[in-house]
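A single chain, nothing else alongside it, follows as structure tokens in the form predicted alone.
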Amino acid sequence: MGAQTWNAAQYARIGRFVADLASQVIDLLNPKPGERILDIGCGDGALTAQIAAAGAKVTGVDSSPSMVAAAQLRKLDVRQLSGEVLDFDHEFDAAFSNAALHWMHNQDAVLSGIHRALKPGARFVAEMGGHGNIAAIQVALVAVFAKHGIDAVQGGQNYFPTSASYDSRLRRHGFDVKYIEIIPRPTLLPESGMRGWLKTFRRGLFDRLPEFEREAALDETVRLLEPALCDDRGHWTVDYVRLRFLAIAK
């Protein structure tokens, strides 16, 4: 399986809508002055900075060197660390994650590390891709990459659970789930459209192709998706479905 790679500048240009749409999950976190909060998969720190602006003391972690460097330019406490190998010990009042957990392969290691990082009674608030997320895109990628002998589902690396399955997983790792919900959220893309989305959010998958084949594969994927996700004015909408939850560490 090829790893997803990130370019912080490209993400800021094309993927900024991800952070811009996170106001409700920030409200669910409700950060308070003086709290220590762990931001898992913090990316370039856009939301980490918002949480810090509320007066909380935030530590961000992300596995991407490019994203960590961009976050550190914001003068944030951000470390290059995978969410699967967290090494904190009962020191945070809350944990937060937005649009990152579905990229992490070993969910049991992730949740075990988050639970260990939290004080008893601390809250864990997150939003991630939920069951049915980017379904049309997944189908198109499967069709295109099958011609190259590549399993696009595995290559896409994502885990999009139902609310019932993730509720059970959280409880197995010592969390009391207070709220969990699947939220359909069709999202209008910026001017870069579907091509820009694919080059940003499926970069690792397309990088598995020889360079001379990538543009044709991008073109074919866009053509397949156009009838479902592009309107008559050329505006693209991604079929996002989110899973949002609030859980308490026991």
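This one's a predicted model, so the numbers in the text were calculated from it and none came from an experiment. Start at 1 with the first residue shown and count on from there.
Same protein, other form: the form predicted in complex with benzoic acid (BEZ), not shown, and the subject of what follows.
Benzoic acid (BEZ) is not drawn, but in the predicted complex it has no heavy atom within 4.5 Å of H115. Of the heavy atoms in S163, none are within 4.5 Å of benzoic acid (BEZ) in the predicted complex.
Among residues of the shown chain, W197 is one whose heavy atoms approach benzoic acid (BEZ) to within 4.5 Å in the predicted complex.
Heavy atoms of Y240 reach within 4.5 Å of benzoic acid (BEZ) in the predicted complex, making it an interface residue. Out of the listed residues L86, A122, A99, L170, A99 is the one that sits within 4.5 Å of benzoic acid (BEZ) in the predicted complex by at least one heavy atom. In plain terms, the part of the chain that comes close to benzoic acid (BEZ) in the predicted complex, with a heavy atom within 4.5 Å, is 200 to 208 out of 50 to 58, 27 to 35, 216 to 224, 200 to 208.
Contacts of stretch 116 to 135 with benzoic acid (BEZ) in the predicted complex, defined by any heavy atom lying within 4.5 Å, are made by G129, N133, I134, listed in sequence order.
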